[in-house]
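A single chain, nothing else alongside it, follows as structure tokens in the form predicted on its own.
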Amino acid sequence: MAGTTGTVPAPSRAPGAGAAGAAVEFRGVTRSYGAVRAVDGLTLRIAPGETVALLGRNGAGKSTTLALLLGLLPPTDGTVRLFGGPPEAAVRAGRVGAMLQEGRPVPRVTVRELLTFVTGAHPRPMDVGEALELAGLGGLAGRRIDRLSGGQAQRVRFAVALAGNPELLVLDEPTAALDVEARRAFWDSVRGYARRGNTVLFSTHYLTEADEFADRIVVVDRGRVAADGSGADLRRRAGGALVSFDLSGAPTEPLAALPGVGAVEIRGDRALLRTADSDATVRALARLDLIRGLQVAPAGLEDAFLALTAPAPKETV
């Protein structure tokens, strides 16, 4: 699949585009479905030009957050603003492009015909040829959409999101149907678009994508922001290292009180300690003669994500 990395010239913007202020702002936003709060007091600010990844377990509130951002749902409480105004105004002005998971192929319509139709609905659209090139569809422009593979159809959704030449690009699980090579080319295109000064917000289940391509990672859990920072920030917050060793029948009760230890997990006959100070933890284990099979490794983003989104303890009645 072809992909560009920002070699095309930056497009012109309408007057007032790229003005100072937040591209995305949630202020105490709540969205309830009966007694269930899918979003619970969410506060988040994204500056123009940032690339931000949205992470969360299934049911954490990611999809509802994106629907609120795009004006597809009204908040129960709080306010959502895009470029200082309501989401609906930014969408109507073509300042927002979205690539959502849902969507059915349009029968008997070619890729170029679809993009020509979509660009015609925007006040300052991207050139159709440029959208095709950025989405890696240059060789598929004449192909009928209902005859494309799953990965090719995903690239068409990306091209449609680009068609209005948006300042904010919202991508919901954008690489779910792509193979490794196509995924790499897709992110090359996204980075090229972001380098023009555009804002990108994407949700993903691929933690390596979030770590590699996002300036910031926002972890949503139970409808709230559980963590916000770079991948390195999140790893530090969750505990900087993982120390594991063979228990060999040793008691586990003292482990939680060791210096630096934030969490203890027992896996069979091995203990895994998440620690913010691995040196202090290892010295304490040595004094307890608990260094059999000792291993020390930096905490990965997956470890941090699991620590930050651990299920809440069940309440007893």
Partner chain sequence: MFGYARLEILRALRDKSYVIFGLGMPVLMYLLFTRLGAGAGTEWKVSAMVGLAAYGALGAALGSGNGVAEDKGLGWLRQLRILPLSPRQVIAGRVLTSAVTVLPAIGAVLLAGAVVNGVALAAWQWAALVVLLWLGTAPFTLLGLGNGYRLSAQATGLANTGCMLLLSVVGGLWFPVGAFPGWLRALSSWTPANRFAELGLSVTRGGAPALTTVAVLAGWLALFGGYAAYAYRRAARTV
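Numbering follows the first chain given and starts at 1. Given the structure is predicted, the values throughout are model-derived calculations rather than measurements.
Another form exists, predicted together with the partner chain; not displayed. Remarks below refer to it.
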Requested in this report: Using heavy atoms only and a 4.5 Å cut-off, determine which of V160, V128, L169, L82 is in contact with the partner chain in the model of the complex.
Outcome: V160
Requested in this report: Could you check which residue among G139, G103, G150, G229 gets a heavy atom within 4.5 Å of the partner chain in the model of the complex?
Outcome: G103
Report summary line: Only one of 192-200, 219-227, 128-136, 93-101 has residues with a heavy atom within 4.5 Å of the partner chain in the model of the complex, and that stretch is 93-101
Query - the partner chain contact at A176 in the model of the complex, heavy atom, 4.5 Å - result: no
Query - Contact flag, V118 vs the partner chain in the model of the complex, heavy atom cut 4.5 Å - result: yes
Query raised in the report: Is there a non-hydrogen atom of E209 within 4.5 angstroms of a non-hydrogen atom of the partner chain in the model of the complex?
Result: no
Query raised in the report: Quick one: does R108 come within 4.5 Å of the partner chain in the model of the complex, counting heavy atoms only?
Result: yes
Query raised in the report: Which residues from 68-94 come close to the partner chain in the model of the complex, meaning a heavy atom within 4.5 Å?
Result: L70, G71, L72, L73, P74, V91, R92, G94
